[in-house]
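In the block that follows, a single chain appears as structure tokens, in the form predicted alone.
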């Protein structure tokens, strides 16, 4: 079983994330979408909300598991017996920090390889932060997230007003 992990906060999951998930599924037998719990980021959505959005967006996809993890990603990778970590590169500026992280991760778990995937050109600019900012200000996010995620963003920002 060739298993990979795609880690992130997914706050919320975007069409860019979904694009990388579809690409990774062509390379691996199973993909664990690993939601980071203990992060330096303060998420807008709870862990359960993020997990729900991911599961809703990936209904019918059988070779994925959505899990959360605390602590070191590579400890989690060993626990689930992952061969690879999927990381997205949107721009050259992402590469330096991602390369550094990949080298540290290899030191922590030699059996785990980092696989860098680039998104479709349509999503090269896309991030969860941009989506949240646009949603908060009433901008159009129709081509950035799935309709279910859009509805959750609208609910979240309505409740904050």
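Note that this is a predicted model, so its numbers are computed, not measured. Numbering follows the first chain given and starts at 1.
Beyond what is shown, the protein has a form predicted in complex with a small molecule; the following relates to that form.
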Query raised in the report: in the model of the complex, does residue 127 have a heavy atom within 4.5 Å of the small molecule?
Result: yes
**Report entry** Distance check, residue 105 to the small molecule in the model of the complex, heavy atom within 4.5 Å
**Finding:** yes
Query - 4.5 angstroms heavy atom contact with the small molecule in the model of the complex for residue 136 - result: no
Requested in this report: Spell out, yes or no, whether the shortest heavy atom distance between residue 69 and the small molecule in the model of the complex is within 4.5 Å.
Outcome: yes
